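So this first bit is one chain, no partners, the form predicted alone, shown in structure tokens.
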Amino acid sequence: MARTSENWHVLESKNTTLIADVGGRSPSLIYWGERLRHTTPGMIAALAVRQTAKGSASVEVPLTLCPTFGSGFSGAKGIRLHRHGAAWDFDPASADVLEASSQRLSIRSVDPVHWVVLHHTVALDFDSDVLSLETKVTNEGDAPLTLDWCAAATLPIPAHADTLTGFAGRWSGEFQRQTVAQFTGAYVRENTRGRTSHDSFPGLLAHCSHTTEGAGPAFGFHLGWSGNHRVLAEKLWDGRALVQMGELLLPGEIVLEKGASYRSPVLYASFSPDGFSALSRNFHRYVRSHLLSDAARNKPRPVHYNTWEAVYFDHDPGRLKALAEKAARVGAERFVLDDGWFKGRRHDRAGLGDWLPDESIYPDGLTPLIDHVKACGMEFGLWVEPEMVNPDSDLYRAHPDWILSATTTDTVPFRDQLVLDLTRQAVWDHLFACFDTLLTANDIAYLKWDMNRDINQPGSDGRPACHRQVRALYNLLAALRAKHPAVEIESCASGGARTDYGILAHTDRIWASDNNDALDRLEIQRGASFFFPPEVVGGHIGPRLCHVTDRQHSMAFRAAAALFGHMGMEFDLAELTGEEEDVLRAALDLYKQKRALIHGGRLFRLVSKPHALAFGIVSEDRSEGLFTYAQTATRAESVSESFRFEGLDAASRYKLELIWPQGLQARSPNALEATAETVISGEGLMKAGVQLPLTMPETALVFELTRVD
């Protein structure tokens, strides 16, 4: 049970303690960090007493879960609302605990003057140390209540967390980290693209300047929402600091009638005293145990073959069947037919919305191709983009009013497609019927659910509808999964523009980027790994000549980059030389042998030289590990550095083996040869490391460690 007093409630997980003070008008967090084993809430409250400074209020306004204008708090407000200009000074009069346990706290706060109720939910997962927080606002007054902003929560961060790392990017360059020193003032990232976005992933790290992958305190925050959002970290002039995240609402988007409520997206947060990799492992454990379906957890992730970069829109059943045969021969387990299969879809300017196989290409529907793929021993998957419509389509010609738009301006052109208004029941019903029919009539195991444009003008009947659009999408996905529970769904949005925990709760896989360049992918996947475990991140071996960067890489390097994710292929198999095909087969075999470890183990990102990127996966019992060292640029030194492993059992002995690339020719005797017949302690591997063989830029080594005790 939760340790409680009149004012305090304590939530505890394996490694974290959170203490909430509910004795005031609004709840606040007075401690969140390493687990306390010999300290009481009263001690923490006493330690937290602050003096007031000259030139400031005589009584310091507390930093609560939801700071308000009415409280007089001078920093970022957790909520902004009004009734035609009144009720702006909303502030609860009391906080009542509705539910309290060692892992969950539910608090109701009421403003009896303005008739507004806040309901805060705080949950601390015991095994992962991940917090989930949300706020619900209810209008109990007679007049409508306009809600302009409601953070999922406001969390305090300590003064020693003096550095912030956010996640920026662009199309084909997602999950790029940007680090800045904390400063007096506000760090703000806002997204109004209508989807999670390429350029402003809703994640943030607050940490010490000296924190590394393996040491130092780190706080992580992620908003599980697939639409507009606001990320804020603020340091006040009095030294206090906070983080807020929430849905960025458009003007007049949320107007609550009497009795109506708004529920914020969920803010996920975690703390680790042991660096960024340990923080990521917290989030990975949470995703695996709480967001993924049982089916996704229990089924090995099959090797994909995706047709996009092989054929684009040039569909020919004979060629596709030949690709399926070759894909199966090299080791594919799922064949995904990408864009171009449906009516009128010879390019990206027509056909979206008409979800029937093009009779000029597939006169007997998809069944003959599906049967052929299954006869080759593979599952069949299909690309779809349900939320979009081309003006050149039967659907748009019949229903031109079914789109999101502004009332007084033309729609911003974007890929010759428009966004369907899912908030209209007729549109929602039509889409459900289309894809229910498609999945019922065909043996489809997997949908690649794409979304290839921003929602620039999300209007419906003259009102903004982005919030309702996202909720309608979630409901559509949930309804289709309930009707077709065996079908897996990937969230793709011209790459990584819709990757977040909100969409992941309704899907099984994310597509981190349209960029299959192995060198770029290593950095993209590294950024994604801060919040997403490897098994949900699709990683494909692309063409020899990358279609995005015009850069060429060896098959061995491309395969190494794709190995540590949900592995697949996306290129024309006819381009393979005999040697490349042998390397590809070996890589896919290696993935199948090691995917249980890669998709269930603990991630360790390693501190690397500027010319390298390194990380590894270690099993929970530390009996085996898989590590990679990728040389991304020319090194400054003439001889390679030592590679120090992480996460092993210091007292155990391990066999170390270089398993990729096969047949590496060393220039001279090296440490790997010297240790080939020797077992080495985990302590030695972690503290001394192994001297790496000389490699060239844009090559990668993969090491296997096996405990031999």
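Worth saying up front: this structure is predicted, and the values here are computed from it rather than measured. Don't overthink the numbering: it's just position in the shown sequence, from 1.
Keep in mind that the form predicted together with alpha-D-galactopyranose (GLA) is not shown, yet the notes after this line are about it.
Undergrad: Which one of R498, H207, H315, K448 is close to alpha-D-galactopyranose (GLA) in the predicted complex, taking close to mean a heavy atom within 4.5 Å?
TA: That would be K448.
Undergrad: Have a look at W308, Y286, W402, F276 for me and say which one sits with a heavy atom within 4.5 Å of alpha-D-galactopyranose (GLA) in the predicted complex.
TA: It is W308.
Undergrad: Please determine whether each residue of D339, S494 and W511 possesses a non-hydrogen atom within 4.5 angstroms of alpha-D-galactopyranose (GLA) in the predicted complex.
TA: Spot residues vs alpha-D-galactopyranose (GLA): full contact, yes.
Undergrad: Answer with yes or no whether W383 is in contact with alpha-D-galactopyranose (GLA) in the predicted complex, where contact means some heavy atom within 4.5 Å.
TA: Close contact exists here: in the predicted complex, W383 approaches alpha-D-galactopyranose (GLA) to within 4.5 Å, heavy atoms only.
Undergrad: Using a 4.5 angstroms cut-off on non-hydrogen atoms, would R544 count as touching alpha-D-galactopyranose (GLA) in the predicted complex?
TA: No - in the predicted complex, heavy atoms of R544 and alpha-D-galactopyranose (GLA) never come within 4.5 Å of each other.
Undergrad: May I ask you to state whether N452 is within 4.5 Å of alpha-D-galactopyranose (GLA) in the predicted complex, using heavy atom distances?
TA: Yes, N452 sits close enough to alpha-D-galactopyranose (GLA) in the predicted complex that at least one of its heavy atoms falls within 4.5 Å.
Undergrad: Is there a heavy atom of R415 no more than 4.5 Å from a heavy atom of alpha-D-galactopyranose (GLA) in the predicted complex?
TA: Looking in the predicted complex, residue contacts with alpha-D-galactopyranose (GLA) include R415, since a heavy atom lies within 4.5 Å.
Undergrad: If contact means any heavy atom within 4.5 Å, which of 598-606, 331-339, 457-465, 406-414 contacts alpha-D-galactopyranose (GLA) in the predicted complex?
TA: Checking each option against the 4.5 Å cut-off leaves 331-339.
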